[in-house]
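Below you will find one chain, with nothing else, as structure tokens; this is the form predicted alone, and questions on how it binds or moves follow later.
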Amino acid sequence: MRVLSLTARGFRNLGELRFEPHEGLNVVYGKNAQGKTNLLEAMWLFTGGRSFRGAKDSELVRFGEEEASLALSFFSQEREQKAELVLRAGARRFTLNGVPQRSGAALVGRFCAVVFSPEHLSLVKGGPAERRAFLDSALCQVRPQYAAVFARYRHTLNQRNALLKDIARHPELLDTLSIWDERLCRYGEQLVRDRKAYLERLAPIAAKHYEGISGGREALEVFYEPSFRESMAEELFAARREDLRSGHTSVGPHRDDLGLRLAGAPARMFASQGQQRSIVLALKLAEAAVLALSCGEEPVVFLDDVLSELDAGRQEYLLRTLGGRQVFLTGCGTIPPAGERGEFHVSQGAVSREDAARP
């Protein structure tokens, strides 16, 4: 799987452009705030329509423009394909191979990619929400149906939370709570099953990568930490009084966590900064490997300004392991490793190619 070309108009600070990357390593460099990450984000949107930076559509349209349009030509499933996206006044229009699509979800599984950004380096020490986001984002590409179940769960959760608050003013609504409890458990238990199944595939691969990065100094364990032990329905009912008091649902996959242990100790409490980076690197490499097994092709990999956060040994391991894939690597300067690649300089939203085939 690889990007053949990207055309953009009115997207963030990028000027009107046609970007034709190298089929292997692509180095995108330039000073900060020039548009390097915007270029990666424009391509990433075609994995399903969501920004890896959590940006709203209004933030994606260039200031002063009425709309932004993107078109991605890519090689996948043994043929060239083309996807287009138009953002205008909060509305989106997607097309795939000339056929209009209802939403970006239709692109899930067509163009597959993995992104590694500086924000991911806080996965270990950050809160559970960051680790859940990593897990859910990865799962949506591996199992497109997961995105639909996840959306239903979030809608049901919001409805239940709203009802919990309303019951304080209208006690007669208490009888309707069981309806939302049943729906929440139905979708929630499916999410947990899918998450656990995914981690069964990811965990051994991540452990193997961590062993390679660390030289086998300690073992990494990756596992699921649910917010309920046996029955979600029973524990949700048991927590009803507290939920009514707080106005929030305290049991369910929205409260679960991704567990990480090093040498048997919780990584979020005891891992050093170097160990944290090694864990995140191992997780992202494992994500790429599982995605490749699921879609039958190596995914495109976006590395957004992360090499500067890694020492020389981790840099070398990362680039060596990603060989054979199309990789986009951003940074403030050119990247030392030799070999054939594409080099692109970004300045004030303009992207210019610097041909590079270094000995």
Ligand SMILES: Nc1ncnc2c1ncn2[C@@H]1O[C@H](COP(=O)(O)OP(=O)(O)OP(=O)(O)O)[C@@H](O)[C@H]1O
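Don't overthink the numbering: it's just position in the shown sequence, from 1. Note that this is a predicted model, so its numbers are computed, not measured.
Unshown form predicted in complex with this ligand; subsequent notes refer to it.
When contacts are judged by a 4.5 Å heavy atom cut-off, residue 37 counts as touching this ligand in the predicted complex. With a 4.5 Å cutoff on heavy atoms, residue 325 does not count as touching this ligand in the predicted complex; it lies far away. In the predicted complex, this ligand sits within 4.5 Å of a heavy atom of residue 31. Looking at residue 62, you'd find a heavy atom of it within 4.5 angstroms of this ligand in the predicted complex. Heavy atoms within 4.5 Å of this ligand in the predicted complex belong, among the stretches 62-70, 43-51, 286-294, 307-315, to residues of 62-70. Shown here without this ligand, the chain has 12, 13 in 1-23 lying with a heavy atom within 4.5 Å of that partner in the predicted complex.
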